[in-house]
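What follows is one chain in structure tokens, specifically the form predicted alone.
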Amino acid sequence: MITHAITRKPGPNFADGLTTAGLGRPDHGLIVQQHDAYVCALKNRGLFVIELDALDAYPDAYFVEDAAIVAPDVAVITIPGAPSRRGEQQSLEEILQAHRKIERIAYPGTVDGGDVLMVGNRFFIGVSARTNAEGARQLGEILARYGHTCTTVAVKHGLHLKSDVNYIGNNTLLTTFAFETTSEFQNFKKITLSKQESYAANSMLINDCLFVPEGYPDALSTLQRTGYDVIELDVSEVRKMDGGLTCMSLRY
């Protein structure tokens, strides 16, 4: 059961962050509205939400998921793969140490939380442009000490593993075609999205509720048949910065 979430407000300079999306410059006023709606949706599902202030020196810092991994008994403070983001994790550690034992990734290992998919007691760690093999090895060893099993997955498409694959309960993955036949996921049922609606793969399971990005009608229709409550949220400005629903919170 997820009971808590940590979020961070997007700063006025958030549009100066890293992006490869090519969807135009995002609007600060609009992302603030969208972020507020996101936080409100988490609260409406009964979560206690810790809302952190923007970090002016780190325009990407509202993507809090990348700076830490939270497991049932431990929080792992990462070293983000992008050098410009190293430093975001410090204020998160101060919050998480009140809730979990703290472990840390050591350089030259790098890990972005967006590459880490938790399915019960098992973790899938994407090796990507942001999470290197050394970081994945360290994270796997840390999580193993706390009773978890870990599997690495090569991310050859997209920024992060969870850009394309997310767990939505009942042994089912929501995925794009890029990961539909990945051997590491062969024992899961899959809902595979069309290329046109692949962005919706970054949907987020909160207990008995699925948060999905707004604007993907085929994905919405399919997910409404899963038996979960489904909530659409507009994340148009987040998408322009290579982000999605899972990126904007740490949930535990």
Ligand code: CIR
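Please read these numbers as outputs of a predicted model, since none were measured by experiment. Numbers follow the displayed sequence, beginning with 1.
If you look for the form predicted in complex with the ligand, you will not find it shown, but the lines that follow are about it.
The three marked residues, 4, 38 and 45, fail to reach the ligand in the model of the complex, with no heavy atom of any inside 4.5 Å. Look at 227-235, 240-248, 21-29, 5-13: in the model of the complex, residues with non-hydrogen atoms within 4.5 angstroms of the ligand sit in 240-248.
The closest heavy atom approach of residue 139 to the ligand in the model of the complex falls outside 4.5 Å.
At a distance threshold of 4.5 angstroms between non-hydrogen atoms, residue 114 is in contact with the ligand in the model of the complex.
Using a 4.5 angstroms limit between non-hydrogen atoms, residue 143 is distant from the ligand in the model of the complex. Contact annotation for residue 159: at least one heavy atom lies within 4.5 Å of the ligand in the model of the complex.
Taking the ligand as it sits in the model of the complex, the stretch 60-85 comes within 4.5 angstroms of it through a non-hydrogen atom at 60, 63, 65, 66, 85.
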